[in-house]
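So this first bit is one chain, no partners, the form predicted alone, shown in structure tokens.
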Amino acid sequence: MLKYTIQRLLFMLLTLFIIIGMCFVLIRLLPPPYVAPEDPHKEVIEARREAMGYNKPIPVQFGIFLKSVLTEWDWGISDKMYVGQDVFGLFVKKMPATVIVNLYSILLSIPIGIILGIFAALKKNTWIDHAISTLTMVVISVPSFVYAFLIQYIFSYKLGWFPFLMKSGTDYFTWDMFVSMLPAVMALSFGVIAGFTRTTRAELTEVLTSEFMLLARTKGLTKTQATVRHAMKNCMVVILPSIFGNFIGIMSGSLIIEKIFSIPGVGQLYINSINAPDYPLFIMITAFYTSIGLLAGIVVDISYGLIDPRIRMGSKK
């Protein structure tokens, strides 16, 4: 398992290096954002570009960039949106809003999704199962931004229960802020609930028809006891890695949802960096999103072996 983990981490770093390199080269092939002569930050921007080697060949520029990141953790300064400010510092300021909204979404979605999946599996081939399965497929098929508009129309416009946009400020743990987050949390939750419902229902249905479940019932266990003690334990081999992956992914946020609900998080910062354009900020956030995606995949794969030792043993062969 240790050897496998090290190999995956090395491949992750190689993949990250290639993706960042491609983005860097493509961006540096574009003309840098225009700086007006009357811009008060003109000298600062030009000095920074000179230090980053904008007048040198692209391979040299990439080497300077890597050296700054690896030795000083310097991702550059914003040259368009937040002129002169450190892009990593801007990113850190935006991270709490993204994490909190997505954390609320996952904490709401996971128990609801698992409960619905269990209920559908126990009522297999009944109208309840068909209704939950059909609704799940519909929910998965509809993009999250559609739910965002529906929630704004129904709960914010018609009923007036929630504000249209997230409350400004950094008081993330106040009641007013929590209420303003709920529309975004609900919009993010629908897809996650449907995904866990489908996964739980599929796995539990298969386990309930296994021979060891029949043996457990013949030994005197009730259906509920057999399901809780044996069936759910086997289902967790698939469900728990999905939960770990979702918790790793909370930092990535949702680009569209954050824009719709005006959440001052990383997703909206990323979109704005593209529209500006602000290349240092774009490169930094691209590296972050890539790292989160690769890390989530590694955590999910490794968790299979930690949950079920048989899988870990099989990986050594």
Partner chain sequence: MDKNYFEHIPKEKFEFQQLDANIHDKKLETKSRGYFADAMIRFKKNKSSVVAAWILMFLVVFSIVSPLISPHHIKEMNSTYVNHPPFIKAIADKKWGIFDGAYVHESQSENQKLTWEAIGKETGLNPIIEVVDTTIQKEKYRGRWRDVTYYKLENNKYYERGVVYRTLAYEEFKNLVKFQDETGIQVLYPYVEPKDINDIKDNANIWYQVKDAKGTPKLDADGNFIPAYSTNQEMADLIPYDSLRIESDPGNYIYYFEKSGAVHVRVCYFNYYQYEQWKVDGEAQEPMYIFGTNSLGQCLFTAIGVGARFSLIFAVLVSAINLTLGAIYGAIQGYYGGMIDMVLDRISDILSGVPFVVVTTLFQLHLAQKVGIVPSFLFAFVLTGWIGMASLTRKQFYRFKSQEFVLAARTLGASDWRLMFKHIFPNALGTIITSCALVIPGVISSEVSMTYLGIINLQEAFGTSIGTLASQGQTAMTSAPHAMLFPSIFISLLLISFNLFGNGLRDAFNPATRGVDD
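In this text the structure is predicted, and so the values were computed from the model without any measurement. Numbering follows the first chain given and starts at 1.
One more form of this protein, predicted together with the partner chain, exists but is not displayed; see below.
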In the predicted bound form, is there a heavy atom of the partner chain that lies within 4.5 Å of any heavy atom of Asn275, even though the partner is absent here?
yes
Can you check whether Cys23 is within 4.5 Å of the partner chain in the predicted bound form, heavy atom basis?
yes
Check whether Leu29 has any heavy atom within 4.5 Å of a heavy atom of the partner chain in the predicted bound form, and answer yes or no.
yes
The partner chain contact at Pro143 in the predicted bound form, heavy atom, 4.5 Å
yes
Want to guess which of 47 to 55, 64 to 72, 34 to 42, 257 to 265 is within 4.5 Å of the partner chain in the predicted bound form, heavy atoms only?
257 to 265
If you check Tyr153, Trp161, Phe91, Tyr172 against the partner chain in the predicted bound form, which one has a heavy atom within 4.5 Å?
Tyr153
Using a 4.5 Å cut-off on heavy atoms, what residues in 272 to 293 are near the partner chain in the predicted bound form?
Ile274, Asn275, Tyr279, Phe282, Thr286, Tyr289, Thr290
